[in-house]
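Below you'll find only one chain, the form predicted alone, shown as structure tokens.
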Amino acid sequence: MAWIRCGMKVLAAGALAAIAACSGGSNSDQRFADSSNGADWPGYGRTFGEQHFSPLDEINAGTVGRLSLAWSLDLPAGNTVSQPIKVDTTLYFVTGQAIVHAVDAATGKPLWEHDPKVGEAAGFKMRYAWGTRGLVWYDGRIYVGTMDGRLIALDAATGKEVWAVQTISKGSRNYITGAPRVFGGKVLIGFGGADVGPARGYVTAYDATSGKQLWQWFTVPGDPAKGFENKAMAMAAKTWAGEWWKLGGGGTVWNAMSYDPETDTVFLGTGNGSPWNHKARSDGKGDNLFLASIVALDGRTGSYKWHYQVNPGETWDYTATNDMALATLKTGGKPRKVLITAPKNGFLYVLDRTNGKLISAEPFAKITWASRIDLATGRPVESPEARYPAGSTAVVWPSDRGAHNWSPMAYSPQSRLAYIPVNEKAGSWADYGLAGAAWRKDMPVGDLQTAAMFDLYPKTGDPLDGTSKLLAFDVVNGRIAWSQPTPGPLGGGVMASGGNLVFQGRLDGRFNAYQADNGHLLWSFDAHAPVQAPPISYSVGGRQYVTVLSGAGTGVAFIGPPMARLAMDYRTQPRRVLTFALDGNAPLPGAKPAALAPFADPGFKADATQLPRGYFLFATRCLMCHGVDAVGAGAAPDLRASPVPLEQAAFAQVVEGGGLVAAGMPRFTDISDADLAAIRQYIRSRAAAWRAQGAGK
């Protein structure tokens, strides 16, 4: 009965091998055991349990003062928010458009690089995705997803492509930004895109060796006239209304997945509805399963086991796609196998992972959409006005950015605390005139599919851009243990360690280590660039290292003004791999000073008739990369400081002609000359306003 012992905290001799037997995989599964020694970090959360915890303790609260840079590696411009992984003596990470790098983990010496040429393959999908957040190792291969929807297997030793499969339709608006997950000889991948067009979410399991599809599970029901794939979809369809399938439904699994080898169970965190507004998507009726849910599937067959929905009838972009840590806690006087997650809506949930029963749900941030979660029913007690009734506007905490977004939290089995990068921000919601199809006229496929009037910057009396903090939450007792403020409206990913430490990067370029049990700041390093990526820790030759990537990336465009105050220029900010060890002695190359200023535009006069249209087009087509109010945030060039918008021909060559596709700038072939002129007017007017403030003098 070896299967009974799989996944236990303390494993008897030989029981690690039983993990592979339980899940049908090879000995590679042993490296993903929560009880593994921490020498490697092979997957996104290190182990199947996705705790983002390293048991290594050479670097600890007593020695962290000696922590210093062991080596660094400069990276080209592009997305650098990937979490690295490490296996044996090699560190792997992904940058830009899914470019995978392999370097020596102890020295940073480059070994190989693989470029899947995403810019050439993704086409219009590049409008909606920034890059790739992570990758995974398994059985001598590296697996990575791409914006054009490929799942690619690479030889870990050489970087040569072993196989590639197209996981989503090339003609859809869907894309992959999350890390694949592996278990039992399988590799699992989802996708994103429910924000920008019709999308019906699903996950697919492939044979890790051959790339052959093994099973696929949809997260929302399709057209009833075509029949349902399984009993779960038939059950879910009863919670929908209208003709939801014509709008896609949503529920994409674009980030979080966990795995329990003891029961061979996969846990999925599902996304928002498509469109966001419940009234437009489902006539305002029904829970809309399995949106905003944690769903448990059989790992071998992909069949449904149970679900828990955090937001029935989701209508605020409150996804449940945040990381889910697996742990064993003593509740009610006995040990219980649990799943811990802190999704966007601001409550931290603890579920019995064997059956989905809710154990606790406590707030970790400011919440106004609901007063509490009813433990008897498992449902939120909502504030009626939060659903923005017809004719009204609702200011709701948290915003669609979430009280916790994609940046991973960490859970320490030593302290029994969850460490959450918390965002404090409100959003304002109102219906788009009619809840029916009228919204489509101004929000065509490819634009943000809100079906609602949404304002990320309502006047609340609080800081307009929002605030953030690193918060430690006592999972057993349901209370906040400590918190530390972080600058700006979001913080970086988090890692906890066996040395009683918590590591997190910040927008202002600091990479910090806190004492895990009390939150005291023990160590800080100036990276000279934002640090959003989740850090990892590993050992080589018995020496412990901590590695993190630096540079602005995913999500910062939505917080342009505060990033501008930090002077983070896309063209000059350093992007690096930073690796630390005790008594490291590597120098950090100096940072180039940001010299950002509006481009001279003599004789420019704003055309008031074009500006409203230019503002709308910029907000729906350009803001995602180039920043709120055209204020660059470091993830893409600040167009106010670019000479390109000054000339219609040059602007058209970049926007319509695809002149910078290789650099990550998508090609827009569906913009008219009049709309192009309106966007230019808006950008030039924003540069003029900047000059009027004295910039560049």
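Just so we're clear, the structure is a prediction, and the values are computed from it rather than from any experiment. One-based numbering along the sequence shown.
As for the form predicted in complex with heme C, it is not shown, yet the points below apply to it.
Let me know the one among V182, M126, A236, I189 whose heavy atoms come within 4.5 Å of heme C in the model of the complex, would you?
If I apply the 4.5 Å criterion carefully, the residue I get is M126.
Work out which of V628, A70, V64, M665 lies within 4.5 Å of heme C in the model of the complex, going by heavy atoms.
Contact check passes for M665.
Contact test in the model of the complex: P637 vs heme C, heavy atoms, 4.5 Å
Although heme C is absent here, P637 would touch it in the model of the complex, with heavy atoms inside 4.5 Å.
So, K357 and heme C: in the model of the complex, are they within 4.5 Å at any heavy atom pair?
So K357 does not count as contacting heme C.
Can you tell me if R141 lies within 4.5 angstroms of heme C in the model of the complex, counting non-hydrogen atoms only?
R141: no, not in contact with heme C in the model of the complex.
Given that the partner is absent here, does R621 sit within 4.5 Å of heme C in the model of the complex, heavy atoms only?
Yes.
Interface stretch in the model of the complex with heme C - options 29-37, 56-64, 42-50, 652-660, non-hydrogen atom within 4.5 Å
Going through the listed ranges, the match is 652-660.
May I ask you to list the residues of 477-495 that have any heavy atom within 4.5 angstroms of heme C in the model of the complex, in sequence order?
Nothing in the stretch sits within 4.5 Å of the partner.
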